[in-house]
Every structure is written in C-alpha cells, then in structure tokens.
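The chain that follows stands alone, in the form predicted alone, written as structure tokens.
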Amino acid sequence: MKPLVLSGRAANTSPGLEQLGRRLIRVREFSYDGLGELSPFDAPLVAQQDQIDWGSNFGSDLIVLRAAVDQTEEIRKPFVRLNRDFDYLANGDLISVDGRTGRLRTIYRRASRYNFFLITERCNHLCLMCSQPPKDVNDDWILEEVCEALPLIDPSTPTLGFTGGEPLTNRDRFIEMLRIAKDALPSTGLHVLTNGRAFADPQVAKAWADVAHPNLTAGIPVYSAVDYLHDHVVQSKGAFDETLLGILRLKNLGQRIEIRVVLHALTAPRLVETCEWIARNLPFVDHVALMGLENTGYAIANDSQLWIDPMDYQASLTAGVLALRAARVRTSIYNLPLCLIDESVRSHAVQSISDWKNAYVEECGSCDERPRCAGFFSSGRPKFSRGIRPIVGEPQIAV
C-alpha cells in the first residue's frame, strides 16, 4: 500500500525558474473550460509534445510539463517538468513550486473530497500519537500561501479542512483567513482541527464567531473525561481545563463544535466513561467523532504505549456510541473498517480516510461492504487487527 505522493521534487526545471522563487500555480489543461477567467496564478499543464506551442503562447510566465514531455529545447519560458508521481494533476489543481530547489507540493485537488490545508507546523501540544509532529519554526509563509490560494479554488468545492500544528498559533491572521474563505467560497463548509485552547480567551472566541460563517466547525479533541489522562496524551499540563473552557465559550456564542476522541491503548479503556461524560456534560456539541489510530508520526515512536487491537475495544466502542446516541448526540466512527465494528453501530461508520492515503487489503476483495467501508491507512507503518475479514452475506448497513 502506497499513499498518493503530494510533495516531492520536479523531474527537472529550466534556467530562470529560480528567479521566480516560491510560486503558487493553478494548472490549466489544454481544455480548461469551467474555471472562469485566467488569473496571474494560472499556468498551462502541457500533457504532450504537440501542446508546447499552446503552452508557450499561454498568458503565463512559466509552463508546467507532464513527465512524458521531454523535448524542452523549443520552450522559451521557464518551465518545471513533473515526475510521474504527479501524473494525477488535473485542471484546476493547485501546486506550490520552489523554483530555487525544484521542490513542489500539491495543496488542492479539484476532484477530491478530502482537501485539507496545513496551516503551520507549530503547536502547543506534543500529542503522543501526533501524525504531524510539530516543529518550532517560523512558518507564517504557509498561512500567507493559503490566503493566496483560497480565491483560486473551485467555488463548488463542498468542504475544506485546515489543520496543523495548531492553526490558531497565529490567531489574528488565521481568523482573517477565515474571512477570506467566507468571501471567496461562500458555499464551502470549513472544518478546522484545533486543540481549542485559544478559545479560552474570550476575545479569540468572539473574533471567531464574528466571522459569521454559516458552515464553520471547530474539531476539538477531548481524549478522556479524566483531566490528567487528557493532559498526558497531549503532553501539556492544564490542557484539559483550557480546552473545556474554550468549548464552553465557543458554544455560548452559537458556534459549531465537533469533539474528536482518538482510540488507542490509553483512551480506549475509558471510552465508555468518556462518552457518558460527553453525553451528560456536553450534549450541545454538534458532532462526536470516535477515531481509529493512524500509525504514523509520533504514534510509531510510542507504539508500545498506544497500540491496541480494535477488536479489544469493540465492545466499549459499541457501548460508547449507544450512550451518545441515547443522548441524541450525533456520532460517527472514523478510520475503522466495518469488519471491526459491531453490526449494531455500523451505521455510524464513515468513509473518513483521505483518498490520497486510503487503501484496502486482500481480504477486502470479496467483501460485500467494501463500497461503504473506510478501509485502511496506507501512510506510516500500518498495523492490522486479528479481526479483519470479508463481510459476505450479512445484512447491509443503512446508509
């Protein structure tokens, strides 16, 4: 299993590209109807040799070439030639290219349902299972690039996500970015993964609410009903209290909140207690996501503390979902294949794993439920449960 490559190095670049520095590009294919007028960020994506003239006459100061285009001597503009890992790029996708190094990243795919923008690698947590280990660097340029990218995104995009690090590290500029998103993409739902602690400051909570976005959700982790366990998981003393205060302040302003609980050997044993506590104390939240562990980043380093076969918490997961359901709290199960979920709560399972790192194993080939199943992570070092099996001939779950 291999995830889709979203960052790497160009196959080669031309002299003069380095003078353009870091550059955001929206690629336009030979037939590029449906994306509106050209912008200064648009560049032609030349797929074959006979399109070079079209690309050279395109109103752009650079050209992007697919890997198959190798006769470049007739090109009179700076160009970047992709390697075959990026053959998936299509009309309207956004890439960021550093002309000095040849490094490039795909930051938006128009055809995908799973577009998340990394806002920063800085964070005030050191979560034991963090899939994006934080770095203490000044990377505000990433947020500026996202602000630049938002007006270039197809306005029919249903949802966009924002993650980190902690996106509210540079809170003033991030909230300004939310305003840009609201103006540029008024019909697009926004989902922000944040530890929620910034909202303990009433001014931050108010600034967020003042954006007045009609479909903005803060996804906030609460790993346990026990404060010291939550604090241990995130490696920050006092985090639980600040997170809960942030949730209360934000909800008091009528904002949408999702609570996330990542399931591993530290959180799963107290899952029923956590779900019952949420049902009693936070029944006003808009959604609760109970999430299987992605074995990447710090989760690999902390494997001995974190790994638990999902079969060993299957009963607790079922009981937790039923407790939340009884309290009428909308609940979903993320990142777990259906064969590891009790049939009584399978209807809560979501195909949640981003398409670029979603995969299935051999047993899935004969499974009746594969079209509705989340499958597995192909990122990191995947670990597999003893309970993996095809579901054949059983009643299909409600959709």
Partner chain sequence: MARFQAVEAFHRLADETVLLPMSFERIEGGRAVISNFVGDFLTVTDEELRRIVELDVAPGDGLYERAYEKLLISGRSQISRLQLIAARYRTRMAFANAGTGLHLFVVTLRCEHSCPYCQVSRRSADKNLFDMDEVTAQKALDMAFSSPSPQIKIEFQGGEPLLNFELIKKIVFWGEERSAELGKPVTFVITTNLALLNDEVLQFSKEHQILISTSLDGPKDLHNKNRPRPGGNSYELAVAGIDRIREFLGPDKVGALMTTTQSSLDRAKDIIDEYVDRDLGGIFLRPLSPYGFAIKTKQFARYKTDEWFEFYKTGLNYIFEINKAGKHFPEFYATNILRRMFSDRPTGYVDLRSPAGIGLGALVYNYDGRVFASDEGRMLAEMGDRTFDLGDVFTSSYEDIILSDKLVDLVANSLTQCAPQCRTCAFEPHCGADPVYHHATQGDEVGIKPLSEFCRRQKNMMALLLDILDNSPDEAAILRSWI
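Everything numeric here is computed off the predicted structure, so don't read it as measured data. Residue numbers count along the first chain shown, from 1.
One more form of this protein, predicted in complex with its partner chain, exists but is not displayed; see below.
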| property | result |
| --- | --- |
| Within 4.5 Å of its partner chain in the predicted complex, all of Trp54, Thr101 and Arg103 (non-hydrogen atom) | no |
| Proximity to its partner chain in the predicted complex (heavy atom, within 4.5 Å), stretch among 90-98, 144-152, 178-186, 120-128 | 120-128 |
| Asp201, heavy atom within 4.5 angstroms of its partner chain in the predicted complex | no |
| 4.5 Å heavy atom contact, Asp231 and its partner chain in the predicted complex | yes |
| 4.5 Å heavy atom contact, Ser236 to its partner chain in the predicted complex | yes |
| Asp309: touches its partner chain in the predicted complex, heavy atom cutoff 4.5 angstroms | no |
| Contact residue in the predicted complex, from Val261, Leu248, Leu190, Ile257 (heavy atom within 4.5 Å of its partner chain) | Leu248 |
| In the predicted complex, the one of Asp303, Asp172, Asp286, Glu273 near its partner chain [non-hydrogen atom within 4.5 angstroms] | Glu273 |
| Within 4.5 Å of its partner chain in the predicted complex: residues from 248-286 (heavy atom criterion) | Leu248, Asn252, Arg270, Glu273, Trp277, Arg280, Asn281, Leu282 |
